[in-house]
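Just the one chain here, the form predicted alone, laid out as C-alpha cells.
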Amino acid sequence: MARKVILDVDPGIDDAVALCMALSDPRLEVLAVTAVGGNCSPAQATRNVQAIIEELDPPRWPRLGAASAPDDGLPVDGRHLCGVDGLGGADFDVAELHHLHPSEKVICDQVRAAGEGAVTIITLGPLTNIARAFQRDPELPSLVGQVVMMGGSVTGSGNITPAAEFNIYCDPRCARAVFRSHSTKTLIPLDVTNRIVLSYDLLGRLPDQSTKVGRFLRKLLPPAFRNYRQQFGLEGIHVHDTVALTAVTHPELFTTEEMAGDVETSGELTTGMTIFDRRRVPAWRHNMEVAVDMRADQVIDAILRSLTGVGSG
C-alpha cells in the first residue's frame, strides 16, 4: 500500500528533482504539493510548483497549495544557485491557476481527510507552512503520521551563514514552532546531505528527450552543475532535498538517533542555528529523530536508479 505524503517545497532545482522522483514512485501517493517561499519568492514558488506538475503531468495530479510571505519576510533566497526563477532560468510555460488555496489550508484539509496517522509531510523548504498549519488546526500535530524535515545541522556548520542552514534560516520562528510541536519528527540535516554529490555524468544516464521526465531534467540540471562549478568549484551538485526524500523511500539506508533540538531565533551571529542538547545529562526532552549516518553509496545508487528509471511518454 502506497504511503500518503504531502510535499512542502520551495522549488528550487533540488526540490524539482525530488518531485520527479516522488511523483513516479509507486511506494508514494502524493496527496498534495504545497509551495513555500525560500529558494525564490512565495509567488515564484507557487508558479514553479504549477510549472513542474504541468511539465511532468503525472497520472494523478496532487492538490496544489499557494505560498504566502513569512511574517518576517525572506532574509535570503537561493537564486545564486537556482537562477532568477528558481529553476535555472528554464522559463517553463504554465497555465497559472488563480484560485489556489493557501498551502497551510491544503495541508490541514489533506491530513484531516486521510485520517489520524495516515499522512507523512515531507518538508524540503522553510517550515513556514507547517507552523501555520499547526497554528490553524491545533490538533494537527497529533494527526500527522510523521514530519520529515530537510534542514539544520547537528555540528553547527551552516551553508547560508557560518551557523545556519538555509531552510531554517529563512524562517527560524516557524522552525522553532515545528521543532517544539508535539508531532512525530525526523530531521535530515546537512551533516548527512552534504555527503552526497552527484557528478556530471548523471546527465548521460537520464531518460532521453522523448520522455516528459527526460526533457524536464535535461533542461533543469545543466544550470545547476554550472552554478555549483562557478560558486564552489565543484564538479557536481548537492541534492539535499533528494537525499531527504530518499530517507522516506529507503529508511533502511539511514541511521537516526533521538535528540532534543531547538532553533535560535535572535542571535546576532547564530539566528537560524539548530541547537541540540547532547550533554551527558541533558535538560531538554528528546523531541525528534535526527539522521546521523547513511550508507552513502547505496543512497546515491537509489537516487540514480530513480532518476534514470522514471516516467515515460
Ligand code: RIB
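Computed from a prediction, not measured in an experiment: that's the story for all the values here. In this text, residue numbers run from 1 along the sequence as written.
What comes next is about the form predicted together with ligand RIB, which does not appear here.
*Could you tell me which stretch in 127-135, 87-95, 171-179, 239-247 has residues with non-hydrogen atoms within 4.5 Å of ligand RIB in the predicted complex?*
Looking at the partner contacts, the answer comes out as 239-247.
*asked:* Taking ligand RIB as it sits in the predicted complex, is residue 165 in contact with it (heavy atom to heavy atom, 4.5 Å or less)?
replied: Answer yes; at least one heavy atom of residue 165 falls within 4.5 Å of ligand RIB in the predicted complex.
*Decide whether residue 107 counts as a contact residue for ligand RIB in the predicted complex under a heavy atom distance cut-off of 4.5 Å.*
Close contact is absent here: in the predicted complex, residue 107 is far from ligand RIB, nothing within 4.5 Å, heavy atoms only.
*May I ask you to check whether residue 150 falls inside a 4.5 Å heavy atom distance of ligand RIB in the predicted complex?*
Residue-level check for residue 150: yes, a contact with ligand RIB.
*How about residue 190: is it within 4.5 Å of ligand RIB in the predicted complex, going by heavy atoms?*
Yes, residue 190 sits close enough to ligand RIB in the predicted complex that at least one of its heavy atoms falls within 4.5 Å.
*Tell me, which of 211, 184, 159, 120 has a heavy atom within 4.5 angstroms of ligand RIB in the predicted complex?*
Of 211, 184, 159, 120, the residue with a heavy atom within 4.5 Å of ligand RIB in the predicted complex is 159.
*asked:* Do any residues of 10-46 have a non-hydrogen atom within 4.5 angstroms of ligand RIB in the predicted complex? If so, which ones, in sequence order?
replied: Those in contact are 10, 14, 15, 39.
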